[in-house]
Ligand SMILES: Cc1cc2nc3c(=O)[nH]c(=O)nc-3n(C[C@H](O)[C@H](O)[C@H](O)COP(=O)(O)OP(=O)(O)OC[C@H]3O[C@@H](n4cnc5c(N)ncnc54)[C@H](O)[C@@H]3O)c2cc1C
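Before any questions on how it binds or moves, here is one chain, the form predicted alone, in structure tokens.
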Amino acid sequence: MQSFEWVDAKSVAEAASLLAATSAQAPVVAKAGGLDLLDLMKERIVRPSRVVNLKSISSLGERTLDNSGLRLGTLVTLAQIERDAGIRSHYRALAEAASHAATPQVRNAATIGGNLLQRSRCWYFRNEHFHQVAEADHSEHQYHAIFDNSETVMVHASTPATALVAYDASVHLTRSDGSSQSVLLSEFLLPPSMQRDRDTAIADGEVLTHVSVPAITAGTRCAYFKQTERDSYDWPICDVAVVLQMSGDTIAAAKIVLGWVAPTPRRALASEELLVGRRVDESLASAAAAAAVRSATPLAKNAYKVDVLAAVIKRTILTAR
């Protein structure tokens, strides 16, 4: 690991200004919890000349829940999301996703902003030698994508992202001049790439200040499941978030989001359409799961993920009901 300058930013504007000064010769990076950044630096994937510490900006750690929805500052930890009674009551799928991310020790340090901005956990990406070639062959792809995998087989590494996309969450980005923009999380996350220095639509000189989630309306039911190889801490084979808007016993609208099976969290649109206007039972949940995996294009060593995913989708729909 090479030496670097450390700066405790005193405001979002100062942090954004410092980050705008990045270049290929002198890269500048932001640090929230720092877990992924430290890994990337140790693995020599990222070699910054300056690290801008955001934890010195207390306002980024605020979280609010009111009639307008949920607002999570970028420094809110996964443990805080997991333990917040209001979030667990109104946004249960998000609380469950946070509680299944990594280990308790990691969740106490990892922030929601850093979690969404983290790079792929693909073992080819995490090996600096594969960054010297145009594209790794990814021949050991047991845990890689089974959808949308013609350009890249890497998957996005965030579990909270699966639930947040199902809730139509947005991220808010602020620049040094005070201007800001809001971007839907589903559009903000980009397919992982070894040829870019980030896998999101954040630009140089922008700080992710907070994540906002629309208010939950009456009749909303939701669930989240993460499937791993081991009961203890493990990276997911897949995870699924389901948000159903009910009108009595009938589904008025549905969101089904699949994680760890595509380069970014993937909406199961065919399944959602199948559910609308109908009452959920085991037969319908099975049909929706089958519709979701029908377009899968598994690789030679990860076809097992198709059946696992279908089972988890069915389970999550029935639990949300």
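When you see a residue number, it is the position in the sequence shown, counting from 1. None of the values given here were measured: they were computed from a predicted structure.
Another form exists, predicted in complex with the named molecule; not displayed. Remarks below refer to it.
Enquirer: How about residue 87: is it within 4.5 Å of the named molecule in the predicted complex, going by heavy atoms?
Expert: Residue 87: no, not in contact with the named molecule in the predicted complex.
Enquirer: When the contact criterion is heavy atoms within 4.5 Å, does residue 36 count as touching the named molecule in the predicted complex?
Expert: Although the named molecule is absent here, residue 36 would touch it in the predicted complex, with heavy atoms inside 4.5 Å.
Enquirer: With heavy atoms only and a cut-off of 4.5 Å, decide whether residue 100 touches the named molecule in the predicted complex.
Expert: Residue 100: contacts the named molecule in the predicted complex.
Enquirer: Is there a heavy atom of residue 82 lying 4.5 Å or less from a heavy atom of the named molecule in the predicted complex?
Expert: Output for residue 82 is no: heavy atoms all beyond 4.5 Å of the named molecule.
Enquirer: Suppose contact means a heavy atom within 4.5 Å; in the predicted complex, does that hold for all of 7, 43 and 123 with the named molecule?
Expert: None of them does, since no heavy atom lies within 4.5 Å of the partner.
Enquirer: Report the residue, out of 117, 223, 194, 246, that has at least one non-hydrogen atom within 4.5 angstroms of the named molecule in the predicted complex.
Expert: Contact check passes for 117.
Enquirer: In the predicted complex, which of the listed residues (234, 187, 128, 204) lies with a heavy atom within 4.5 Å of the named molecule?
Expert: The residue in contact is 234.
Enquirer: For the chain seen here without its partner, which of 176-184, 104-112, 139-147, 212-220 has a heavy atom within 4.5 Å of the named molecule in the predicted complex?
Expert: Of the options given, it is 104-112.
Enquirer: If we check the named molecule in the predicted complex, which of the residues in 157-176 reach within 4.5 angstroms of it by a non-hydrogen atom?
Expert: Read in sequence order, the residues that approach the named molecule (within 4.5 Å, in the predicted complex) are 157, 158, 159, 160.
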